[in-house]
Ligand code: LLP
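Quick setup: one chain, the form predicted on its own, written in structure tokens, and binding and motion questions come after.
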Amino acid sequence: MNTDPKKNFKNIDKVFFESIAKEFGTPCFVYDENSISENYNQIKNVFAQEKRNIFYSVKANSSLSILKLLYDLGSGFDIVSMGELDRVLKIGADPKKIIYSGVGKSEDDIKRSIEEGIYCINVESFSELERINKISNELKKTAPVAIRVNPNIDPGSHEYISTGLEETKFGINLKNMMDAFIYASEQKHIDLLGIDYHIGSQIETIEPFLKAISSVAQIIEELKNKNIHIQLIDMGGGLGISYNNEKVPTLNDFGKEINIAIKDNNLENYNIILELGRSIVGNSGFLLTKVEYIKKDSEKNYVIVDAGMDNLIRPALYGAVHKIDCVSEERNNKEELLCDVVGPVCECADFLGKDIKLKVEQGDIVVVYSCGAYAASMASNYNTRPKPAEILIKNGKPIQISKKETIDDLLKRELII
């Protein structure tokens, strides 16, 4: 099924959203297995080969069933915590298909990564590199690393997700990077595999990716001049999706353009990894929620639903816009209401959409599109609200892949003293 958010639909493989809401309750997340597989295979078919691999960015959606689906399709994994490492190991992933990124790796994190034998640790600072060297010497084991650099490319996305600029906490800037490469190349227990970069997220054009490839090709030439030879280029990810009718490149076109840039910059002999998350799962997920109240004021109309910023924080955090539609019985005889769709959380920032036109009644089911990435994985228990169930549509059937939390689940780890 085509899960393009520009189109209205009320079912996935003839499994209707209203029936899912009735069976599993609201709010709940729903994912389309066919769509996820189609997205992954689209980039795999045009890009993957012996020296080119796709590693799924676990933080986008860390559901075990989705991780297992992608692993079975051939994906590796980009992780940013030991919790994510435990997730991918739990589904049987080969440690040699795991890369560990992130700026705050503890000593225990690094030690375990080395002992588990993961493919590569992406180094975000010189002090982290020194810590890795200290631990690998103590273990008398070799730590495989790539140095994350900031090509200083503006991806044109929100400042919170533009991670490749010099002023971010991520990576090492261009003027200091050579010290890190030289240091890593000289250490007995560090295996300098390559270079890593990630310029941002929700990038809606291909041009920033191409500029980054050209910039990194120049860095590799500088390394060669210093007799430092690498084998790996981790190009990160960040390809955007259409949330609300934005025009974005397809995974097919993205892969083709990256292939051309690799050839044009004489990088064909390197092992190359793309880290993709949102573009694989983003448009394949949905948040179902029920209308609790309709509040009509002279200044503003509000449709109050049972999902909130604890389920989908992107609108409050980034000002993100998601398409929202009513999937209940046709309301052709009802007036179209210009409204804000808001949740029950006790914050003014608790909204899912603003100035939305809806034909709704109390009790209707509303769907928020493009909730496959950075929705469930960023959910919280604010206001002591349990996290929703997650449902995967597989072979035309709804299968629960994560149970709705209970209040007992939330309270059982706390102590009264």
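Don't overthink the numbering: it's just position in the shown sequence, from 1. Nothing here was measured: the structure is a model prediction, and the numbers come from that model.
Unshown form predicted together with the named molecule; subsequent notes refer to it.
S.K.: Please identify the residue among 84, 310, 128, 275 with any heavy atom within 4.5 Å of the named molecule in the predicted complex.
M.R.: That would be 275.
S.K.: Just to be sure I understand the contacts: of 302, 318, 183, 270, which is the one whose heavy atoms reach within 4.5 angstroms of the named molecule in the predicted complex?
M.R.: By the 4.5 Å heavy-atom cutoff, the listed residue in contact is 318.
S.K.: Heavy atoms within 4.5 Å of the named molecule in the predicted complex: which stretch in 310 to 318, 130 to 138, 294 to 302, 86 to 94 meets that?
M.R.: Within 4.5 Å of the partner lies stretch 310 to 318.
S.K.: Quick one: is residue 101 in contact with the named molecule in the predicted complex, heavy atoms, 4.5 Å cut-off?
M.R.: Heavy-atom contact with the named molecule at 4.5 Å: present for residue 101.
S.K.: Would residue 113 sit within 4.5 Å of the named molecule in the predicted complex, counting heavy atoms only?
M.R.: Although the named molecule is absent here, residue 113 would stay clear of it in the predicted complex, with no heavy atoms inside 4.5 Å.
S.K.: Can any non-hydrogen atom of residue 201 be found within 4.5 angstroms of the named molecule in the predicted complex?
M.R.: Yes, residue 201 lies within 4.5 Å of the named molecule in the predicted complex.
S.K.: Within a 4.5 Å heavy atom cut-off, is residue 48 in contact with the named molecule in the predicted complex?
M.R.: Contact check for residue 48: no, nothing within 4.5 Å of the named molecule in the predicted complex.
S.K.: Which residues, if any, of 377 to 408 lie within 4.5 Å of the named molecule in the predicted complex when only heavy atoms count?
M.R.: Residue within 4.5 Å: 378, and no other.
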